[in-house]
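Single chain ahead, written as structure tokens, the form predicted on its own.
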């Protein structure tokens, strides 16, 4: 067995664990909303039409924020269509996903659902086919407390109290030619700055997210961020990053190392933001909102958009994730935590049915995908501060990234509770590795529990018929004094909880 080692020091703090890291995403795409979170005719629907079985899984997943209503969908969305009496709402063609949008579920339904789950809403405004005025109208409708026309309209729709939305995305993936209203970096940067400035006239304390690149492989990546930040630096708080990963051409070795790409993406965007700050003589750091990330098999038939008919809530992007996919999701969470000094928010895309940790059948069951488990365990147990940790690890070769460290890890420490958590991944698909952790700076420690995913049956998946085929199992852990030793099988992810004796 190969060996790796790392040291934990509670004084080596990266940043606090940010709860907004554990966000997700609800878009009007496929069955995410309709027959996902909302299905009035379902046997387990409540009096508002929300599926209670899904709601229970959302709470178990531990999501902190939900980005809504898109995604590509938002660039053609008229928010007014989704408020007021349901029977009066228009049906519209959704050009983003070639579907029929009935608008049965809109802003107030989403806010009621989010409150019921205890999650923070993160709203997106349409800067594709619309602009400044429509963004201001939606903000006034959601947040105004006085007797303005749109605040009174909200009250007439049954939402007496303001929704008090703090986080707002200024459009979505405006660098992408597939996006309605696609713009150049200069066009978008000016519009984002003007929209942000106007929105702050209503509420100066908003947290505003400008569109970064929709992927690090975009030909404009880097220059897009530089231009947008040059134009909007003074008006915004964060810039977005989006990344999806999949196993291509049977290259599982590179797929398991996907977090190498995420690390580089984050470091590059942070570096560009710091360069703009320095050039402008600025005083604030622009944070990153990694508000779309996941495993997504884009080339599979599941992702083919309808071409002729305009179906309501079609089955789109319904990837069935494997144990390998779960290991990769766990490793991407390690990357996000490690960058908590710059990544202040993130959204797993998406929440239900659409490349999601939760799956449903119309009128039937809801169940956890394999990828549910690393997210739920990390969200539940990452508390306190993220600790800076360097792993001394064997390396192996990948076709895409060259030589990479086989073991990657991050730890958190909650000083008040005197409890910590270690999240580790063995990215080598063929070698077992024993990871030894020196925690002498914490004193003697005791194991609380340990969970392991992957390592065996890497192609196994959870389905409606077998919803618990991929579940965490006990990790092989030894504790002696201030040392912890964990056995990591090939292609595995582990979460270990410990306390100071």
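Positions refer to the first chain, counted from 1. These numbers come from a predicted model, not from an experiment.
There is also a form predicted together with alpha-L-arabinofuranose; it is not shown, and the following applies to it.
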property	result
Residue stretch of 197 to 205, 117 to 125, 333 to 341, 170 to 178 approaching alpha-L-arabinofuranose in the model of the complex, non-hydrogen atom distance within 4.5 Å	170 to 178
Contact residue in the model of the complex, chosen from 317, 288, 329, 370 - any heavy atom within 4.5 Å of alpha-L-arabinofuranose	317
Listed residue that, although alpha-L-arabinofuranose is not shown, lies within 4.5 Å of it in the model of the complex (heavy atoms), from 296, 233, 221, 79	296
Any non-hydrogen atom of residue 25 within 4.5 angstroms of alpha-L-arabinofuranose in the model of the complex	yes
Non-hydrogen atom contact residue 408 with alpha-L-arabinofuranose in the model of the complex at 4.5 angstroms	no
alpha-L-arabinofuranose contact at residue 292 in the model of the complex, heavy atom, 4.5 Å	yes
Residue 350, heavy atom within 4.5 angstroms of alpha-L-arabinofuranose in the model of the complex	yes
Within 4.5 Å of alpha-L-arabinofuranose in the model of the complex, all of 29, 97 and 355 (non-hydrogen atom)	yes
Heavy atom contacts to alpha-L-arabinofuranose in the model of the complex at 4.5 Å, residues of 195 to 217 in sequence order	none
